[in-house]
Every structure is written in structure tokens, then in C-alpha cells.
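Let's start with one chain on its own, the form predicted alone, as C-alpha cells.
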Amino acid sequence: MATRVLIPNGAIGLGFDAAALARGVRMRPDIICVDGGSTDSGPYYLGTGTSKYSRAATLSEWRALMLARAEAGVPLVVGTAGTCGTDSTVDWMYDITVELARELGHKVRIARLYSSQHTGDVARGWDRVRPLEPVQPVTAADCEGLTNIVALAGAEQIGAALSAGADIVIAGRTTDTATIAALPLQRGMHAGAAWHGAKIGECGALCSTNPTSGVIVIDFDTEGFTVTPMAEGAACTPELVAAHMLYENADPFILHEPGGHLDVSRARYEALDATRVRVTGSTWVPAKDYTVKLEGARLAGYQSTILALLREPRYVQNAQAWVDRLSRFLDEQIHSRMGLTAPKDYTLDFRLIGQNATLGGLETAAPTAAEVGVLAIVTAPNQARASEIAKLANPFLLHYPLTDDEPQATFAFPFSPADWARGPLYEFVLNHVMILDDPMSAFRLEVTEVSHVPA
């Protein structure tokens, strides 16, 4: 007995090989599982409860997956719907699903799993919340100022949606592995294998020699799991499969999930042939308490930005010195003209694109660029102030000299107007887990029958 899971890609919006998906459907999977989100792009999406992915791209890929589901006759599950998995993005994905059901003439039973938490409820239950490392100074009172809090669902919550007879499950925030592990666990497959295989499969074909193809199939059984890529010519190797435990994971052998942790320290990886890898020896260790991770975001200010381009060789070579001098000058100008003092009233940061914009002070490579982009980032309590400071800085980013005794320099603005009002800035606040007596107590499940005929 085995459970076969078809995984189209690492996240809806990334695309997948249509021929590989068709090949996966012909392998008669028991379920189709795909992720819908991530925190990779920062806290804005959780803060606002919106998706970073294009609706058009999401609708296009979801149409293909709904057709694949109908052909295979199995459930289709998406986790962390709409990037952040808030209730609003679950509803956004639900609206897309209903629109497609109407277009395709599908009759489907849709389960919506909601993960959003009321800020007041989290604050009142703070005695059941525990910080994760590194511990941040967050209190119950801080919860009241958060715009959104989500709890990360595990296999139990996805399993409850499947048990409700859902054809399609649209889940709020989940762990990356939960959607894949749920059905194998529900069917009594090896628990260590279920969680380990789910971790390997969370990013689709990233564990293969053709990572952009997206599509893989994982077979779970009572002893282990087998990974098979679906793209023509793609292969999985023991090294590629084992390496995925390093992906977004602090410990290459331990993975924490709701209800326990996965231990792969004794896992064995075997190439069955030129394309497939078999894994056994993974262990699931139940925890004393059932916990779910919390993620929360809050408004941290407003931003404006300006981009200037330095090309004169002397300024390119001395870009950091120029920025340091300009920064001191602008702080003086902002204080004298606006009466503001950093960092109490605003912050002004510079990123040198082409030199150290990614790593900042950690950069060790010697810059050899022909030009450098200087990105000024103004953060303030409101947009009006951020925009005013950016406008004050504008002429100096265009003409400010490296030293007092040289002619006025001239640089370039690539756009007009040179400054952009970026709007609200959000920051992550919670890095905690919450203890639950009942795995479903922090979640809400709604099941709807949708039946439409083509127009």
C-alpha cells in the first residue's frame, strides 16, 4: 500500500512544465498538493493581507491544476493561499476557484481553512505563547498593534479538510510540508517518511536536475518514500534529495513541525535507477505539547526612495566615502530646515547598487563596476514627512561634491520624478509558538458546494 502525491511546483505563480504535469496525472496520483506562499518577500504581504503573485498568473496555473484534478479524480490542495495565508487571501483564492468552476463547468466541494488569529485573543492567551530563538522583546500588549497574525497549520488541519470530503482545499497559512504530509499520515504511512518526503517535495523539482520544470511525484509507504521527477530527461540523485534538508532550515537533520519534529540523522538515500531516489530511516518524534508557529506583522512607518547613478570613475571608486559625507550633510540640513532629528523622527539609509547593496558591511569583494546606483531610503512616521525629506535630499543626490574644493558634480536620475512614495512599511514581530489543546482550536473550516454550468 502506498500514497502517491503529485507536486506541480514550489509555489503557484512560478510556472511548471505542462507536459510534466500531464505525465504526473497519468501516474494516477492520490492527491495534488501545491504551496501558495512564503515569507521570502518580506512582511508587507502579511501586513496588508495581500498576495505578491499576479492574479492572472495564479488563475492561469490554478485552471491547469483544476483540470488536472478533474482528470485524476483526486483532491487538490493549496497551502498558504495568496502568499501570506491570511483570511483575506484565502477568500481571494476562493473567488478565483469559483470563477474557474463557473468557466469549466465543474461541480466541486471546496474547503476553506482559515488561519488568521484575532490580536486580542492572542494577547489574552499570551501565557500559552512561547518565543523561539532568537528571542525578541515582544509582549502581549504588542499583539494589539499588529495588522495580521496567522498560525501555521500542520497535517492535522489539512487532514480535517480532506476528511470533510473536499475536492479542493484552500488553506490559509500552513507549514511548507503540511499539505504533502497530510494524506500519507492519514492513511497510516510511515510518519518519518511522510514529513521527510514532504520537506523534500515542498519546492517541487528543486530536488532534481531540472529544477525549473516544477513537477515531481512522491510515493509514500510504510517504510519510506520514493521521489520521481516528471520532466523529460530530469533526474533525482541521492545528493540532490539529501541536500534539500539544508534549504531554509537551520539544522540539516531536524525539522520542527506542529506536534513534533523530524529527525533524518539516520536517513538512507538510494538511487533506484537513473531518475528515482528511495529514502528510508527517517524518524518522527512526537512532542509533549502540540504547538503551532505564529507570524505577525505591524505597520513600521512609511517610505520614499530616490535612485541616483554615479558614473564618473572617481565617484564610483569613492562611492562609500561620498555617501558617508552626503549622509552627514543631509542630517544637518533636515535638522536645520525641518527641525527633525534622526533616528527619532526619521531614518535615512543608502544602498550602493553594484558595490554592497546586498551584503552591506559584510561585503568582501572589491567593486569593479563602471557605475554605481545610490539608492536613498527615507523612513518616517507618515508618508508626507518621508516624501518631504526625499524632496529635500533630491538636489544633493544630483550635485553634491565629494570634497569642498572641487567643481560641482553632476550625476543622473534615471526617472522623473526622481523620488517614489513607497507607502506603508511593515515589519515582522512574532517569532513564537502557541500551545493548543486541540489542533483545530486556532483554525476555522468552512465547506461549500459549488456547482456551475458553462455560460
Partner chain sequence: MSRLDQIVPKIRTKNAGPFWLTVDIFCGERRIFDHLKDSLQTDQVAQAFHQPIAALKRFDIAHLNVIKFSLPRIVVQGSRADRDMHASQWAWLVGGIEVPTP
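Because the structure is predicted, anything quoted here is derived from the model rather than measured. Positions refer to the first chain, counted from 1.
What follows is about the form predicted in complex with the partner chain, which we do not show.
In short, of 209 to 217, 106 to 114, 130 to 138, 85 to 93 it is 130 to 138 that has heavy atoms within 4.5 Å of the partner chain in the predicted complex. Highlighted residues Ala64, Thr119 and Ala160: none comes within 4.5 Å of the partner chain in the predicted complex, counting any heavy atom. Contact between Ala242 and the partner chain in the predicted complex is found at the 4.5 Å heavy atom cutoff. The partner chain in the predicted complex comes within 4.5 Å of a heavy atom belonging to Ala357. Although the partner is absent here, Ser41 is a contact residue: one of its heavy atoms lies within 4.5 angstroms of the partner chain in the predicted complex. When the partner chain is considered in the predicted complex, Met27 lies well away from it, no heavy atom lying within 4.5 Å.
Thr347 is the sole member of Ser327, Thr347, Gln317, Gln186 with a non-hydrogen atom within 4.5 Å of the partner chain in the predicted complex. Checked against the partner chain in the predicted complex, the residues Leu272, Ala384, Leu362, Ala321 give one hit for a heavy atom within 4.5 Å, which is Leu362. Contact annotation for 233 to 265: residues with any non-hydrogen atom within 4.5 angstroms of the partner chain in the predicted complex are Glu239, Ala242, Ala243, Leu246, Tyr247, Glu248, Asn249, Ala250, Asp251, Pro252, Phe253, listed in sequence order.
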